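We begin with a single chain expressed as structure tokens, specifically the form predicted on its own.
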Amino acid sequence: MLNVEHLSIHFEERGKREDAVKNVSFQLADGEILGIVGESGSGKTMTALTIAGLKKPYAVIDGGSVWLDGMDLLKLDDAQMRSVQGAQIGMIFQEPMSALNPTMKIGKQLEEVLILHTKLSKEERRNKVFAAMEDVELRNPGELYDKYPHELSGGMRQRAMLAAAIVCRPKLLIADEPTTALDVQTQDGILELLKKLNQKYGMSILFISHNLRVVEKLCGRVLVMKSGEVVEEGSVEGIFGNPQTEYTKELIAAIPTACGKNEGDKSTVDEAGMEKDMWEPRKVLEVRNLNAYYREGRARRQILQDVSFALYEGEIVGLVGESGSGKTTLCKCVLGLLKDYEGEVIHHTKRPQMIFQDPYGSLNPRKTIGWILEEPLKVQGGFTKEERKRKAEEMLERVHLPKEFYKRYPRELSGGQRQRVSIATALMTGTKFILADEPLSALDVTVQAQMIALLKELQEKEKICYLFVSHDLDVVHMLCDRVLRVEKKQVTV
């Protein structure tokens, strides 16, 4: 049904050439689910965007063809490609809040595809939209039809985007990292949904992910990409059970596992949460009898109830819970971003810092890495220009980045390198407490393993306490000493 033959693409920007996809060939049969895996920059997303006709202007096709049911998509003009997009090819993206129009109601967004590709009446379109919502297991479609994206949870937004992608029953569904930002339960729900749609409509799915566990659950066949090339292809059982290339073996070895933490690595913590070690830890944070609320018009809705815990210097504490459980609310209270609460939040360290999920979104794209690193010192004050530069260069070395990165911009760095800059920025003021919000979820498994090692190294050297928010329980098990679980408005330790 889909046949990609010898596809080659390069980037042309500011007179520089970079090969992104090199002679890639593969096939996808009717009703098949094919996974494409590889680290950041491997070319998997660029391949998918080219198939969908969504490549950027600076991406230049050097050669090859993309056949969909006997039609070469690369030879279609813009108008012809628009007739294919949505009707024969559907696409769901990693971040639904960015992919959905925040100013349009959900129902209208789902109807757009039908307006473009059908001659249905308004009532018929509405019925089709309701049917698509039911297909993706969104309850109360009549109510959701008139809601905006920000009124839905992350999992519901992802389902709404999936409904928009399948409302015309396309032959091919391209899913680009659709479960990365979701908690484990919501992630499993989306995977089950994709399986059901595949079986119900015989829809072929091209599933792109850096999460090899997810690919193993969903796909029948896997394509492994590295540096723009296909290095291995085979069945899920063959790739995961008997990988042939060293790169595939490295990818599989880097998957976080619950048994990845040696018994000797586990810290012994007493009931008060104090690690029994050669040094006596001190508290960095205390939360006492916290009740947190959100205002909804005149109403006041309670999100957290009677939450109490303490964090200590030099430990890594995981914060887990499904979407909507109150993890973000707790973080906002800890950082002073939510004022509507009762109880106490006591910091025993100055200037708590934050590491965000998306380093590209949290770093100023118009400033150099040196400027970004120096900014916290400018705010803090008391440093000369030369001292700030020296400290910034020293910090780059501490997070294993070359000094030359001082003059670079965020766009010139890979995802893993940008996340190292985010960590470095959080450390610039000498803080002993860092709140890390899903800092590894957007990274491929090899970079993820490097970040875990770096966070552990900094914890041991600097005695830093991390509150580590994550939906990946295997990563939490590998990295954390204790876990806080948010469920039904309460936190258990």
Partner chain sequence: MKYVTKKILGLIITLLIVSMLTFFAFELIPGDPARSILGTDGTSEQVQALREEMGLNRPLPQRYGEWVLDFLHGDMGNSYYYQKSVQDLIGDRIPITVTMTLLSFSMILLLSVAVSIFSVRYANRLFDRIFLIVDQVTMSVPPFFIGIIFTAVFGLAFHWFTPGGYVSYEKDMGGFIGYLILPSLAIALPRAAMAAKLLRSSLLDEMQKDYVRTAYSRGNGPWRVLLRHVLGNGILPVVTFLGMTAADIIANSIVVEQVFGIPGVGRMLISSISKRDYPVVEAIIVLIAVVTLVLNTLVDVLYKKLDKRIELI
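Residue numbers count along the first chain shown, from 1. Just so it is clear, the model here is predicted, and its values are computed rather than measured.
Here the subject shifts to the form predicted together with its partner chain, a form of this protein not shown in this document.
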- Query: Considering F93, Y145, F240, F383, which brings a non-hydrogen atom within 4.5 Å of its partner chain in the predicted complex?
  - Reply: F93
- Query: Of the residues S204, Q353, Q85, T186, which one places a heavy atom within 4.5 Å of its partner chain in the predicted complex?
  - Reply: Q85
- Message: T180 versus its partner chain, in the predicted complex: is there a non-hydrogen atom within 4.5 Å?
- Response: no
- Does V334 reach its partner chain in the predicted complex if we count a contact as any heavy atom within 4.5 Å? no
- Item | L251, heavy atom within 4.5 angstroms of its partner chain in the predicted complex | no
- 4.5 angstroms heavy atom contact with its partner chain in the predicted complex for L152: no
- Task: Please determine, with the chain shown alone, which of 77 to 85, 325 to 333, 284 to 292, 371 to 379 has non-hydrogen atoms within 4.5 Å of its partner chain in the predicted complex.
- Result: 77 to 85
- Residues from 116 to 148 in contact with its partner chain (non-hydrogen atom within 4.5 Å) in the predicted complex: L116, H117, Y148
